[in-house]
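The chain below stands alone and is given as structure tokens, in the form predicted alone.
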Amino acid sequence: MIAVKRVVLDVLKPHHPNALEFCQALSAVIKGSTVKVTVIAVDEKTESLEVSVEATLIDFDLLQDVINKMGCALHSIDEVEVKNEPNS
């Protein structure tokens, strides 16, 4: 099995939810995850974020679904780390 272990994303987010609520929502759907959000830029209506997610197994479709449901837009996948885990 090819397991996604780490992703770094470029996300455009409205001011609400705030960065803490956004980070907690992402972490809530990925078991055992560590989520780091860095606000890169702020304008009148949005914030540009660098989002780093690390876990034993990241369900990227689920992660993207949560991002979309919070009114955010995934601009790019900037880094990915995967591991080939035989017999998983």
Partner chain sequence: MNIFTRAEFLLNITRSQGIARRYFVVNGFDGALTMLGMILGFQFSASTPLSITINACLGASIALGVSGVSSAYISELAERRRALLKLEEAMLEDLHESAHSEAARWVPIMIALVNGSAPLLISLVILSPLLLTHAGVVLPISPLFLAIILALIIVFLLGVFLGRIAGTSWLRSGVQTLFIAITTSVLIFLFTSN
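Residue numbers count along the first chain shown, from 1. Being a predicted model, the structure only gives us computed values, none of them experimental.
Omitted from view is the form predicted in complex with its partner chain, to which the following refers.
By the criterion of a heavy atom within 4.5 Å, residue 24 is excluded from the residues contacting its partner chain in the model of the complex. In the model of the complex, its partner chain sits beyond 4.5 Å of every heavy atom of residue 77. Proximity of residue 46 to its partner chain in the model of the complex: non-hydrogen atoms within 4.5 Å are present. Using a 4.5 Å cut-off on any heavy atom, the residues of 36-72 that reach its partner chain in the model of the complex are, in sequence order, 45, 46, 68, 69, 70, 71, 72.
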